[in-house]
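Below sits a lone chain in structure tokens, taken as the form predicted on its own.
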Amino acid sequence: MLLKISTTHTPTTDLSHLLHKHPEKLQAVELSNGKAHVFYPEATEARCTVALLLDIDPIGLVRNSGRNGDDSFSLGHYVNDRPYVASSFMSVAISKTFSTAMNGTCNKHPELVDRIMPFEVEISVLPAPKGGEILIRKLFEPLGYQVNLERHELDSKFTEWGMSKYFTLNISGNFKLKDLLSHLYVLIPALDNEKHYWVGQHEVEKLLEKGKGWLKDHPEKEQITKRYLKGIGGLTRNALSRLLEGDEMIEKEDSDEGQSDIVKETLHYKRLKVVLDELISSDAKTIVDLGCGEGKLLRMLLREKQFQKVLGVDVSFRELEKASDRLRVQEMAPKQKERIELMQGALTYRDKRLQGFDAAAIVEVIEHLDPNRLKAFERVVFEFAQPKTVVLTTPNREYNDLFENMEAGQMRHADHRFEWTRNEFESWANQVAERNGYKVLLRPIGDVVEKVGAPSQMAVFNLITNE
């Protein structure tokens, strides 16, 4: 498989400076199942072309295939297109060979990083199952590329066999090199149904990092995200929710070392921080996180010495495994390990293990329940478990009007069973509080916009006592 990137930008030597690859040197990078070779087929004053050639070892593919592949074809590990098409291997090769350029680093000529240049890209060959030319155009053209495709016959000697799913792709346009490489890094594996690596949460982070600045506004972001993450529902929903909510950069002071560090704050992080602040101000010593997911709030809770006991509950055993890995429970010191417990449980069934906690956090959970199960949820939490404080958040449906490309009536996530307006949420919260002896305070989370409110809404329930 071969990738060629050409430019007529003057001086053409700027391309080699950005790539940190000298035109007169042939370079090779080791891959998991082969090598990536970098060379320049042409480097003149008029035009410069860099080529990335992948030499994939087919024997190594078989040895490392594990359980991947289509089991319905017994020779699938031996007879396949993996050594010949631009696939997930190409994306990894781009990351390894051109990492400096993709990260926007050029020490000798930093002014080149943000310079827009004319580029022409050729990929030989690219697979495009279930969509073909239309799919490829939908992925590249909205980014501003001029797309030319040459579809290949299965066999020129047997024309009756028809056309294959393979294309030679030529795209051109004016871009920053780092953006061009990020586009290729994401879109090539989005066209590959047989990725050679394990797709997990780390791939979500890579997608969001490399898609920063362009994926959120792409009209096919849902399809790109789903295909990049191999159609895994939980990962896809996680990535799309973070794309829709948006990321903003803030500066956070490290009080221990006096250093200023740049961190990424998403709406989800803001939401967790607001919930954490409420739990701290409640003077609670024991906390149960109902619907803890992969443990982001749990990690924040464990950093606070005020909380002596923290319990994470989720219906998904897989999510609890992720939480355990994220928190590194097995590596904790004994005293720290005594503070945290993870358990599987449903929020619509009475569970004695939930009783006796000072406070409960229920962050973006209720909208995943069927409406006819809300009454059971209410009894489990407010009647039987009855923590002194309950901090509960849910999306504000009215805010959805501000999300581009969301159709009227569409919910933010495929797994949501409902989304409430501010009035609907206030009415529900007041009724729950009145029926169960709580008082409730409602607050917005995120920036408030006139007429539609904030993206999330929060209710803080406090148990009314006779003290």
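Start at 1 and count along the sequence shown; that's the residue number. This structure is a prediction, so every number in the text was calculated from the model and none was measured.
Not on display, but discussed next: the form predicted together with S-adenosyl-L-homocysteine (SAH).
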How about Val363 - does it come within 4.5 Å of S-adenosyl-L-homocysteine (SAH) in the predicted complex, if we only consider non-hydrogen atoms?
yes
Is Glu319 one of the residues lying within 4.5 Å of S-adenosyl-L-homocysteine (SAH) in the predicted complex, judged by heavy atom distances?
yes
Would Val199 sit within 4.5 Å of S-adenosyl-L-homocysteine (SAH) in the predicted complex, counting heavy atoms only?
no
According to a 4.5 angstroms non-hydrogen atom cut-off, is Thr348 in contact with S-adenosyl-L-homocysteine (SAH) in the predicted complex?
yes
Given that the partner is absent here, state which listed stretch (284-292, 384-392, 175-183, 115-123) has heavy atoms within 4.5 Å of S-adenosyl-L-homocysteine (SAH) in the predicted complex.
284-292
Can you work out which of Leu302, Leu374, Met163, Val315 has a heavy atom no more than 4.5 Å from S-adenosyl-L-homocysteine (SAH) in the predicted complex?
Val315
Considering S-adenosyl-L-homocysteine (SAH) in the predicted complex, which of Lys221, Arg397, Arg237, His268 comes within 4.5 Å of it through any heavy atom?
His268
Indicate closer or farther: the Cα atoms of Val288 and Gly233, in the predicted complex, relative to the displayed form, with a change of 3 Å or more.
farther
